[in-house]
Structures are given as C-alpha cells and as structure tokens.
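Single chain ahead, written as structure tokens, the form predicted on its own.
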C-alpha cells in the first residue's frame, strides 16, 4: 500500500466508527486541558495518599489537585482531614514541605499547629484559626479568630485505607458511589488486613495524562514487555476480560502469572494478598487518573497529577501488609521492584512508550487520529477500556473525542 498525503492521512477510514478513534488535539490542545481541570479533575474523587503515610497524630502530606495546593493531616482524634494549603489572610501557602509532622514547634510557630510563616497566623488540626498575631491591635472587634479558618475539603478513607479527596463540595457521590463495582473485585483483598506503603517514587513525564491512562487500560502493548510475554502469554492470558463500569472505570480480570518462566523467576504464591489466589493479577483503572494494580504479592497504585497539556506527574506507590516480617517485606519489595521499581522490567518501558507519544503530540502539532478500534470480545487485547474512558470523557467535557470541535451530546443524538 502507498504512503499517505496530508488529506489521506487526516481522513478516517470509512470502516471506523466515531468511537473507534480519537483526535490527537484532545491530548495536545492547552485550551482543552484547562477545560479538563474544571470539568473533570475538580469534580472527581481522587486517591491522594495512603493512611500509612500519616501514621501518627499531627503527621501531614502536601499535594496538588488541578493546581490547587492541598494539605492532608491526621488530627489528635486520629481522623484524617484535607484542607486547601492556603492561609485565609493573604493567600500564602501554609506548608511548603512535602511531608512531616506538626507535633514539634517550628521556627515560625507553636507545636501542634499549622503556621503560616508570612504573618504567624496559626491553625489547629481541624482547620480552626487558633491565633492571629496582634489580633486586637490590628482588627479591634471587626475580625477575630472565630470568623476565619481553613477551607476544608471533602475527604474519605476507604478501599484499603487510601485517602480520597474531592474539590467539589457539591459532589453528590461518596467514594463508594464513585467507584461503584469497579473495586469490588479486590476490595476484600485490600480490606482484609492493614496495608503499608513500602515504596514510593514519582516521575514527571513529557506527555498528556490520558496517554498514561491509555497504557494502563490496554494490554496490546504487552508485546513491548519481554517479562509479560514470557510469564503471561498463555490461553488464560488471552481470555482475560476487560469489563467497563460506570463513571468511566475499567477492570482487567485476573489470570495466573507464570513467574517461574522468567530467568531466575519463581512463584510468588507464598506472599499473595489475603484471599487472592496464588500468582493472580487484577488491575482496576479509575477515571480520570488512578490505577490499582494488584499483582499477587504486591499492590501498585498510580496517582496522576496533570501539570499541563503535555506534562504529567505520576506517583507510584508499592504496598504490602503492615504485619510483614522483615524477611517477608524484603521479598515483597523485591517482587514489586523487579517489575515496577524505577529500574524494573516493565515500568520504564511504559514510560518510554508514553514519552514517545508525548513527543509526537506536542501542543500545536497537526491533528491526527489515534486508533482504538480493536475488538476481541472484550478480552485482554480488546481496546474497550479506552473506548469506555473516552465516552465518559466526552460526556463530562461535552466534546466528541474523535472531533473535539463538535459537542458530544449532539453527536450522541
């Protein structure tokens, strides 16, 4: 077949339906990205960290959602709360460290308080304003501590005690409502015993966040992964199902991984998560940007933070059982890192894949179609997961993924 000129290149084949490809502008257009922050990221429930990362009262972590700075803290009542990391006085960041404790005093403030270093205003772990420096002298009776406090965000701790936050006070769903049945396949495994984060790293990648989602959602790219081909290309693997769930979530069903087929590999059955059959592998891809990947002896959770149309930060956490002995923990870390650590067999290959896509879809690049048209009875190489994701994306954005200049609702009629 001959190569294509510009008109041919940009004309979708007549054989493709409009839900079987997307326009590359949904990955590269800065205006579409800004709209996504408002219509999707500020409206969704997102897992932001795990409760084991705040083990003691007054422990905290900071993060961002849709450019909003967030402070997550465990109070003396052991409850985890989330606040905007913004002082109500002059809009200053209250805490700049990525994590730590408010138990001890800081140079600018008292122990057991969140202190804005700018003017010394202090807040307790429930977000109440505890001190305004020279309050009476400056504000007399016009303004007082009781009139002020931090902006508290809706926060829930569930599904293996992950901490979930939404910026939307008017979101009518709980996290359970939001996840629906998507996490049901591994919920008993997550909730059977307390979990603990044993691995954390992050990567800032020059690509659109949806391209990382796509890579988690489809397994056709397992041809890129030697490890997966050797340990997984069995009839059971190819029969593995992709199941679409409400709110754009997708579950990739389980099968038994043949770890012993890899050089120096061996079964991981002895450290399987509670209730999980030996060497099984479930993956749950949550809209718009989180992934729970339970692979026998270790749980990997990806959390995305979109930074721009062509840049995303991905945080990778590895979790095991809190009760692990030192020997069990070391084996679990080895199992996790041999596949998913920064130098593991699979993860860097995935990142190279999406970085290559990002380089080919920079803002301003010419529009092109991205094909997601594989149909294999919703089994592992069927691209139903991506099609389902973009149906939800289109509904929330009211843009047609295959032509973002058209309204999704009009095209659906």
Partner chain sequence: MPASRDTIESVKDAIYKSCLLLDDFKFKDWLELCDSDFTYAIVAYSPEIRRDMTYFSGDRKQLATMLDLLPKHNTDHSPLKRHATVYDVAVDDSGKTAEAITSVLIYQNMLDGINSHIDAGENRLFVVGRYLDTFRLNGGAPKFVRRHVRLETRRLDKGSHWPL
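Positions refer to the first chain, counted from 1. A quick note: this is a predicted structure, and the numbers were derived from the prediction, not measured.
Below: the form predicted together with the partner chain, not depicted.
Visitor: Within 4.5 Å, heavy atoms only, one stretch in 140-148, 287-295, 164-172, 327-335 touches the partner chain in the predicted complex. Which?
Guide: That would be 327-335.
Visitor: Determine whether any heavy atom of residue 381 comes within 4.5 Å of a heavy atom of the partner chain in the predicted complex, and answer yes or no.
Guide: No, no contact at 4.5 Å.
Visitor: I'd like to know if residue 229 sits close to the partner chain in the predicted complex, meaning any non-hydrogen atom pair within 4.5 angstroms.
Guide: Yes, contact at 4.5 Å.
Visitor: Using a 4.5 angstroms cut-off on non-hydrogen atoms, would residue 205 count as touching the partner chain in the predicted complex?
Guide: The answer is yes: residue 205 has a heavy atom within 4.5 Å of the partner chain.
Visitor: Answer with yes or no whether residue 239 is in contact with the partner chain in the predicted complex, where contact means some heavy atom within 4.5 Å.
Guide: Flag for residue 239 set to no.
Visitor: Considering the partner chain in the predicted complex, which of 376, 68, 349, 35 comes within 4.5 Å of it through any heavy atom?
Guide: Here the answer is residue option 349.
Visitor: So the partner chain isn't shown here. In the predicted complex, which residue out of 197, 192, 244, 117 has a non-hydrogen atom within 4.5 Å of it?
Guide: After the contact test, the surviving option is 197.
Visitor: At 4.5 Å, heavy atom to heavy atom, what parts of 150-182 sit next to the partner chain in the predicted complex? List them in sequence order, or say none.
Guide: Nothing in the stretch sits within 4.5 Å of the partner.
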